[in-house]
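Only one chain is shown below, in structure tokens, and it's the form predicted on its own.
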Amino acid sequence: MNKIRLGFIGAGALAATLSVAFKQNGFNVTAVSSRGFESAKTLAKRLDGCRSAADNQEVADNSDLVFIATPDDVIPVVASQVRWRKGQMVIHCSGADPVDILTPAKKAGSQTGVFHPLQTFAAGLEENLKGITFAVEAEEPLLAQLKEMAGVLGGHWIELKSKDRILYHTAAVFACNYLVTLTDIAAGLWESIDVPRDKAVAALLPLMRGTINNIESIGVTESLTGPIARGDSGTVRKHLAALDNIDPKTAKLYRELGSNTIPIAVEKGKLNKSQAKVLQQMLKQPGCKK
């Protein structure tokens, strides 16, 4: 398998992380292209024996397996513009899109699939691939090959159907992107009490890491702490009063998240039904009569 010539269309953080990781594990990465040729040249320099291609067709012509690692909206454009060949393997790396967006390649006789690493690539570190999960989709024999490639990179795999990809990706957005949003909101609240944002984030990070470590070691439900887990309605009431006063939009989000936290607290066994009812009533959005 390592003798297969890999090509990358796209030279951003995702393409860089995957291509370097494959190269480090003995794969032959032959060509890379990008909308900005300088980006392709920069990445190719990190990959011994790899050429920076002038266009996407050059990557396809010099590769057995091509990863389309572009922004999601560009993938169908690339798939329709390149002249693919019979027996070639064409993979996109979108988490939300089905394999069908590669139909032009399939019609040309190529095998098509999806190889989505469930990870954030803002830092572009190859080490970030260790232990992650890859969501794969393809027909055999390509499916088995993608599973094997996930293992070579030190990861795990799950097989998804096209109809399941949107919910899969939505879950990833909650776990990753909105964690950034929540951190920004929390740091903003500290700014309102004259704590600089950088100090706020630095102070909150150990708390966030501790929570993630707990989730990993004892599970989601047992990791829940805080006023809702304790049934501390007095503290929740004070939170809401403070937020209503300075930022009603954040107060609304607090109510929504709090309402979704109550069932977890009940499941943990620290919150009885009576306490849950009091909290649920307290967390109703203003003007809600139900």
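Worth saying up front: this structure is predicted, and the values here are computed from it rather than measured. Don't overthink the numbering: it's just position in the shown sequence, from 1.
What follows is about the form predicted together with a small molecule, which we do not show.
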Wondering, does L14 line up within 4.5 Å of the small molecule in the model of the complex on heavy atoms?
yes
**Partner proximity in the model of the complex: V78 to the small molecule, non-hydrogen atom cutoff 4.5 Å** = yes
Check: Hey, in the model of the complex, is S94 touching the small molecule, heavy atoms inside 4.5 Å?
Finding: yes
Worksheet entry | Contact of Q119 with the small molecule in the model of the complex (heavy atom, 4.5 Å) | yes
*Decide if the three candidate residues L6, Q24 and S52 all line the small molecule in the model of the complex, where lining means a heavy atom within 4.5 Å.*
no
Exactly one listed stretch (204 to 212, 183 to 191, 69 to 77, 139 to 147) reaches within 4.5 angstroms of the small molecule in the model of the complex by non-hydrogen atoms, and it is 69 to 77
Among R46, R35, K249, K238, just one has a heavy atom within 4.5 Å of the small molecule in the model of the complex, namely R35
From S259, S39, S223, N28: within 4.5 Å of the small molecule in the model of the complex by heavy atoms is S39
